[in-house]
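As a starting point, one isolated chain is supplied in structure tokens, in the form predicted on its own.
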């Protein structure tokens, strides 16, 4: 399958400062990709080159098999971290204006906007001014303006900022729905826990460099430390001959290090002989935040 976005050895310099340093990656249609890193890592600089807001100093970017050009932004939906709504405009007028900038006719724009207002159950917002809305409400309007022209590539920079848990879940469900419809989505954030919930592929960026990229589950398996959490139906009286190395024990819960997976059968046998039932036995995979910290430390060591 052909890639929808191909970033090839791209760099961006501001004087002596290198914001993006020789980054490459490819995205296929319908992919949900996490672009991660701390503030100042180079994520926004990379996005600005993808959307032609700033020029590329070195390398190339191809969108839908063509080198990015002045027509590219009209085919992309980009919601920046710093929101760009006109505070004094009414919601309906704002959405119509932005949709027509993306090439929709007024008739098509109005129909698509109405569909989104129905979906979010906010029909009565049409004549409200933006400055009457809360930050979370404004976020919904910004999201609609980003997706109303049905872009093939959607770039969301901190899309959940200012949203309560209910509206966060609402936007998440729409992100998944768009992905299933074939939209490629780049989710840029420094919130690792959010990425673990929604992304399949990731790239970690630090100081302008890509320090880790690939399938999220494969990366977590790559960094696993063979730690397991065992929960028993009662506290064991004696663990002196338990296979593996106990890392921690609190009452009937044990965290243990095993040299290989085969030792799990020995664990089961050990507790069965004592008449103790195992309630749960699960591998502890490192969080993305832990992986990021370790990756940065390895690079800077």
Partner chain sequence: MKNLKLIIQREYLSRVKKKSFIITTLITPLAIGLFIFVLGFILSYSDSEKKTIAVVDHSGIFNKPADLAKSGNTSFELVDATVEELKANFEDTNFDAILYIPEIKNLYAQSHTIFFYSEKSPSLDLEMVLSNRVKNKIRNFKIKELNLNQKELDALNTSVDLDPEPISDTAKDKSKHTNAVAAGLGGFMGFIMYLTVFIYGMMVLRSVMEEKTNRIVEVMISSVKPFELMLGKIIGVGGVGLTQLAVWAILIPIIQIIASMFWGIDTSDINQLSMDQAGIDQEDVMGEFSMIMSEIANQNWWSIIPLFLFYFLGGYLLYASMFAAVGSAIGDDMTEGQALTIPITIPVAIAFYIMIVTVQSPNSNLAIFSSIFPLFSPIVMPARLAFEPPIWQMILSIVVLIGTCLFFTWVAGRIYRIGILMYGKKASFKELFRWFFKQY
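Everything quoted here is computed from the prediction, not taken from an experiment. Positions refer to the first chain, counted from 1.
What comes next is about the form predicted together with its partner chain, which does not appear here.
*Asks:* Under a 4.5 Å heavy atom criterion, is residue 48 part of the interface with its partner chain in the model of the complex?
*Replies:* Contact check for residue 48: yes, within 4.5 Å of its partner chain in the model of the complex.
*Asks:* Heavy atoms within 4.5 Å of its partner chain in the model of the complex: does residue 100 have any?
*Replies:* Residue 100 belongs to the contact set for its partner chain.
*Asks:* Report whether the minimum heavy atom distance between residue 104 and its partner chain in the model of the complex is within 4.5 Å.
*Replies:* Looking in the model of the complex, residue contacts with its partner chain include residue 104, since a heavy atom lies within 4.5 Å.
*Asks:* Although the partner isn't part of this model, could you tell me whether residue 142 comes within 4.5 Å of its partner chain in the model of the complex, counting any heavy atom of the residue?
*Replies:* Yes, residue 142 is a contact residue.
*Asks:* Taking 4.5 Å between heavy atoms as the contact cutoff, choose which of 160, 125, 187, 78 touches its partner chain in the model of the complex.
*Replies:* For this set of options, the contacting one is 78.
*Asks:* Consider the chain as shown here, without its partner, and state which of 170, 85, 133, 227 has a heavy atom within 4.5 Å of its partner chain in the model of the complex.
*Replies:* For this set of options, the contacting one is 85.
*Asks:* Given that the partner is absent here, state which listed stretch (218-226, 117-125, 91-99, 176-184) has heavy atoms within 4.5 Å of its partner chain in the model of the complex.
*Replies:* Of the options, only 91-99 has residues within 4.5 Å of the partner.
*Asks:* Mind listing which residues of 65-79 have a heavy atom within 4.5 Å of its partner chain in the model of the complex?
*Replies:* Read in sequence order, the residues that approach its partner chain (within 4.5 Å, in the model of the complex) are 70, 73, 78.
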